[in-house]
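Take a look at this one chain, the form predicted on its own, written out in structure tokens.
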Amino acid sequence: MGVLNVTPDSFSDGGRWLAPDAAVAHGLELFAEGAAVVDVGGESTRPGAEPVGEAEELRRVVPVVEALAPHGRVSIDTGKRAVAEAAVAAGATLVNDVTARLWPVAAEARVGWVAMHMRGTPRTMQVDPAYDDVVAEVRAFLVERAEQARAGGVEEVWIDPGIGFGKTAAHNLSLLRHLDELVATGHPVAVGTSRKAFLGGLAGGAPPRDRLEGSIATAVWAALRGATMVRVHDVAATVQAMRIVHEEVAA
């Protein structure tokens, strides 16, 4: 899953793809590099991000989704029902849901749905996040939401532990270490670690654009632990790494 931020304030590439023509061109580039899905988002969910109004989010994402949909699978990264519905109407076939509440949209439209775990909101999620057992709590939350969606008629349900969303670096690493416990639920698992702050910390304070090595390492780790989809900024490099590891493992 290739990341396409149609935003001015995303932590890694805010503003680069805000213009519709630039966003569409980058989305086509992500497909060409090997992305199976291009994930279009019009509201930053970085720690501390301010919410975006519904009308503005719609203005940012709908034309981009509509232009990209004929070229490959497009997902909409949102927490707003109206945005999800409009994006699906424009051609998106996957709702990447940071709130884990929008499954009725997917059920009604007969599209896929990703339930992500987040503690709090982007504005508050990194204010002293605490868990008794992060793996067990995230797993229980996601299973409950996934089963609810299945019962409600969603045929394609993904679960995402929400790396970096209301978690410390230790929480993120524990979730990665125990991904097999999420895989064991039987629901396909999506993981997004790309360029996130905990990788910068592990690399001595590297800024987002200098976190490629950690992003690839954790994406490959996630795949080897059973994740079915990884959400990344650097599609070409990640695809190449995955192919090399797959060939070595298969050999």
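Heads up: residue numbers just count along the shown sequence, starting at 1. A quick note: this is a predicted structure, and the numbers were derived from the prediction, not measured.
The discussion below concerns the form predicted in complex with a small molecule, not included here.
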Note to self: With the partner left out here, check for me: in the predicted bound form, does some heavy atom of R225 sit within 4.5 Å of the small molecule?
What the structure shows: no
Note to self: With the partner left out here, check for me: in the predicted bound form, does some heavy atom of R60 sit within 4.5 Å of the small molecule?
What the structure shows: no
Item checked: Contact of A92 with the small molecule in the predicted bound form (heavy atom, 4.5 Å) -> no
Margin query: Can you tell me whether W103 touches the small molecule? I mean in the predicted bound form, with a 4.5 angstroms heavy atom cut-off.
Written below: no
Checklist line | Among 112-120, 129-137, 175-183, 82-90, the region lying within 4.5 Å of the small molecule in the predicted bound form by heavy atom distance | finding: 112-120
Margin query: Counting any non-hydrogen atom inside 4.5 Å, which residue from V154, V98, L142, V74 sits next to the small molecule in the predicted bound form?
Written below: V98
